[in-house]
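The chain that follows stands alone, in the form predicted on its own, written as structure tokens.
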């Protein structure tokens, strides 16, 4: 894949993170402000009953999946870019690319599994 395409998705990931993390912080930590403008409250963010109620909603499932996928891509692409600024052979660059891809992909699969299992258990 071309470097400019990867960079474009890096920027898109950053924009999505700002948007989704803004929703998360607003609903979870700025509930009085959000209620004042007519947006739902997350309740007591630390009580088991409210955490379970949030975990049952498809909106939180989607928000957590989007946040995790885009944060992983954004973070690992940034890490890869910093590592590749070090002068190294083409073989070493390929190894770095594959190691970062496999590690990021593995974390995405594991994170997706954990989020979906949490959603499934909350709705059981």
Partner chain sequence: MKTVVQEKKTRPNRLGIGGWFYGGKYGAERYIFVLHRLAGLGILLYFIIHIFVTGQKIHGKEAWNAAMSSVSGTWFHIGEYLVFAAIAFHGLNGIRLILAEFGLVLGKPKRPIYPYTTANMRIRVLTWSMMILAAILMLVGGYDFFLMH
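Keep in mind that what you see is a predicted model, and the values were worked out from it rather than measured. Positions refer to the first chain, counted from 1. By rigid core we mean the largest C-alpha set that fits within 1.5 Å across both forms.
One more form of this protein exists, namely the form predicted together with its partner chain; it is left out here, but the text below deals with it.
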- Is the gap between residue 57 and its partner chain in the model of the complex 4.5 Å or less for some heavy atom pair? no
- Message: Even though the partner isn't displayed, in the model of the complex is residue 79 close enough to its partner chain, meaning a heavy atom within 4.5 Å?
- Response: yes
- Query: Are any of the heavy atoms in residue 95 no more than 4.5 Å from a heavy atom of its partner chain in the model of the complex?
  - Reply: no
- Evaluate residue 105 for contact with its partner chain in the model of the complex, applying a 4.5 angstroms cut-off between non-hydrogen atoms, and reply yes or no. no
- Counting only non-hydrogen atoms and a 4.5 Å cut-off, give the residues of 87-124 close to its partner chain in the model of the complex. 87, 103, 107, 110, 111, 113, 114, 117, 118, 121
- Query: Cα of residue 115 displaced 2 Å or more between this form and the one not shown, core superposed?
  - Reply: no
- Query: Just checking, between this form and the one not shown and with the core aligned, does residue 17 shift 2 Å or more at the CA?
  - Reply: no
